[in-house]
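Shown below, as structure tokens, is a lone chain in the form predicted alone; questions about how it binds or moves come after it.
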Amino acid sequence: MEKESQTMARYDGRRFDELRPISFKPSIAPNATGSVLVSFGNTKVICAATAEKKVPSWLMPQSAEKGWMSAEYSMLPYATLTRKQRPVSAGKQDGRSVEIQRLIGRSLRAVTDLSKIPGHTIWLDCDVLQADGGTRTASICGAYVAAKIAVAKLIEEGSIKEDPLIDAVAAISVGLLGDRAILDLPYAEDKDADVDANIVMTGSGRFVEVQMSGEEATFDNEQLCDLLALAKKGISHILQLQQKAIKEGLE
């Protein structure tokens, strides 16, 4: 697969094992404790981390011992080709957004020692400006950068004593299109993929979440291994970009 992926191209000219152009622009939202504009090709998401000196009511008995980290995800009405109604107008939040924000929260809490932010909640707001596939994975990547910048500022001002983020975390999409494993799917590929997957991993190489399903298709063990190998390769590069962005955001 490796040799073939180097010689064959996709509709946008990329190799099958090549990421879209990815960038992180830190400090995009000055009122947030930490923020970044993350771009995966034409997918663009603002991720902001804001610290609040209180915890959810259900956590109150433990508030002196630990804090909380939670995420909210939304897609702006003009993020897609056809206008998407705001949840407030519809009178309820759509199930997809709820699923994604829970995934973002789980991914960040997987690398967070909540005992190091006692009495605090760190909110991760991910707002999609433009959607072209991979909004949830881009949101996870950006949320980590925003959180890391926010935590450094909280330590500097004395609100918390030490860094609660014990590892990095990043995510990427992979899939099978015509039995070929491909990395980082834009919408044009995602909608036609036989198998679609979102992989979340830590900086130390451990899996946080593997979301994988066939669309009127199945996949075997060899294809599963190919997809996971592609994801690991892509995430390794994203982790480097994240660290560079964090450094820029703290300068």
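What you see is a predicted model, and the numbers here were worked out from it, not measured in a lab. Quick note: we count residues from 1 along the sequence shown, nothing fancier.
One more form of this protein should be noted, the form predicted in complex with a further copy of the same chain, which is absent from this view; the next part is about it.
Counting any non-hydrogen atom inside 4.5 Å, which residue from Leu183, Ala29, Ala193, Val55 sits next to a further copy of the same chain in the predicted complex? Contact check passes for Ala29.
Is Pro118 close to a further copy of the same chain in the predicted complex, meaning a heavy atom pair under 4.5 Å apart or at it? Pro118 lies outside the contact set for a further copy of the same chain.
If you check in the predicted complex, is Lys25 within 4.5 Å of a further copy of the same chain, heavy atoms only? Judged by the heavy-atom cut-off of 4.5 Å, Lys25 is in contact with a further copy of the same chain in the predicted complex.
Are any of the heavy atoms in Leu241 no more than 4.5 Å from a heavy atom of a further copy of the same chain in the predicted complex? Judged by the heavy-atom cut-off of 4.5 Å, Leu241 is well away from a further copy of the same chain in the predicted complex.
My question is simply whether Ala217 lines the interface with a further copy of the same chain in the predicted complex - judged by any non-hydrogen atom within 4.5 Å. Result yes; Ala217 sits at the interface with a further copy of the same chain in the predicted complex.
Heavy atom within 4.5 Å of a further copy of the same chain in the predicted complex: which residues of 219-239 meet that condition, in order? The stretch 219-239, when checked against a further copy of the same chain in the predicted complex, contributes Phe219, Asp220, Asn221, Gln223, Leu224, Leu228 at the 4.5 Å heavy-atom cut-off.
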